[in-house]
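We begin with a single chain expressed as structure tokens, specifically the form predicted alone.
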Amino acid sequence: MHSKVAALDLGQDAVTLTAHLVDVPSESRQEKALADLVEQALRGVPHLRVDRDGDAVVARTALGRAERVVLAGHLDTVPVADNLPSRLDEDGLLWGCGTSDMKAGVAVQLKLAAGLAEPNRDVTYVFYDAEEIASEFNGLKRLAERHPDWLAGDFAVLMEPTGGRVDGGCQGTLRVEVRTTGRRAHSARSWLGENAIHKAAPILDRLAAYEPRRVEIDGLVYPEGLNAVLINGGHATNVIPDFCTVTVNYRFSPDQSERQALDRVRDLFDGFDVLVTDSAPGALPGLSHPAAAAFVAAIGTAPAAKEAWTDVARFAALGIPAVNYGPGDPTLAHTREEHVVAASILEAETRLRTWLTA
């Protein structure tokens, strides 16, 4: 493995470069080794200015073009699931943790950064940490707070896996704990207690009966989801539990603010104690913006709604219209079977290169 962390060769084709990136483990909060390699490789490119904050690396051209675009991608992955090292099979599939989400996109960024000395727009390439965990750790969030000038631009492309299409906007996400309490007792004398887990049954009933909205915005349909994702309660197998917590995740359409989403959840669980543990806004598609429309036309595929939360929301908060676009199937993200079609990596590189040079 030690030989795998040798310097990145940005002259390699994007598929080989993706495999190299995948073979450098970079679970969230453990991205330093990969960030070091990215920084080292980009500092060797004469037409780029390179800055670093923590394990985030930002490289920029400064050609005085009329428009600046931002290409952003995260370096971290979810925990490895016995799916390293990478493997390229005879069918042209590259397997391994992070292949789809999103080291294929990062490889494309690196190829463009190294190869485009005279793009038709100034370009900022952002490689950041801790996207896959709680938003408080997110490297793009940190950059927006500490160095908003590093992220300045007229348009942004987040290189999340989209299957090679343009995905507009993103869902918002809200996590709450819905709590019940009871009275602890010996299970042999359960009538002396009050079972908090039993009290959680109406919470699950309301979730099962809930009909998620499907919201159309600018021709794109955003399906919502409201689900229990964790449940915790009890002390021991011979004790009537006096507490139970159901963690609920609401993926809401970007037509709602965080406040409106929370109000909807609190209305649903009226009568229960609801505690917010994490929240992030969605982002409207913004495809009518001239830069976004030009990008969609250049990519040449029909846009769709992003059925997830992504950091396009952070760019939207900065007043920068943004879309998701990248190689890889988003439905394979975080799975043991994660892989990417090698040809899709090369196709994404070609389309972006054409957009930045035509």
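Predicted, not measured: the structure shown is a model, and the values here were computed from it. We call the rigid core whatever largest set of C-alpha positions still superposes within 1.5 Å between the two forms. Start at 1 with the first residue shown and count on from there.
Although it is not shown, the form predicted together with a further copy of the same chain is what the next lines describe.
Checklist entry - Is G169 close enough to touch a further copy of the same chain in the predicted bound form, meaning at least one heavy atom pair within 4.5 Å? => result Result no; G169 lies far from a further copy of the same chain in the predicted bound form.
Checklist entry - So in the predicted bound form, does any heavy atom of H186 sit within 4.5 Å of a further copy of the same chain? => result H186: yes, in contact with a further copy of the same chain in the predicted bound form.
Item to check | Distance check, N238 to a further copy of the same chain in the predicted bound form, heavy atom within 4.5 Å | outcome: Taking the distances in the predicted bound form, the answer for N238 is yes, it comes within 4.5 Å of a further copy of the same chain.
Checklist entry - Are any of the heavy atoms in V274 no more than 4.5 Å from a heavy atom of a further copy of the same chain in the predicted bound form? => result Output for V274 is no: heavy atoms all beyond 4.5 Å of a further copy of the same chain.
Item to check | Contact assignment for a further copy of the same chain in the predicted bound form, among G115, G234, P85, G163, heavy atom within 4.5 Å | outcome: Going through each option in turn, the one that passes is G234.
Next on the checklist: By the heavy atom within 4.5 Å rule, which residue out of S135, S257, N249, N120 makes contact with a further copy of the same chain in the predicted bound form?
Outcome noted: Going through each option in turn, the one that passes is N249.
Checklist entry - What stretch, of 121-129, 145-153, 98-106, 240-248, brings heavy atoms to within 4.5 Å of a further copy of the same chain in the predicted bound form? => result Among the listed stretches, the partner-contacting one is 240-248.
Next on the checklist: So, a 4.5 angstroms cut-off on heavy atom distances: do all three of A333, A348 and T354 pass it with respect to a further copy of the same chain in the predicted bound form?
Outcome noted: Per the other structure, none of A333, A348 and T354 touch a further copy of the same chain.
Checklist entry - Taking heavy atoms and a 4.5 Å limit, what residues of 195-226 are near a further copy of the same chain in the predicted bound form? => result The stretch touches the partner through N195, I197, H198, A200, A201, L204, D205, L207, A208, P223, E224, G225, L226.
Checklist entry - Superposing on the rigid core, do we see a C-alpha displacement of 2 Å or more at F252 between the shown form and the other one? => result Where the cores coincide, F252 still shows a C-alpha shift between the shown form and the other one that is 2 Å or more.
Next on the checklist: Please determine whether the C-alpha atom of A134 is displaced by 2 Å or more between the shown form and the other one following superposition on the rigid core.
Outcome noted: Moves: no, less than 2 Å.
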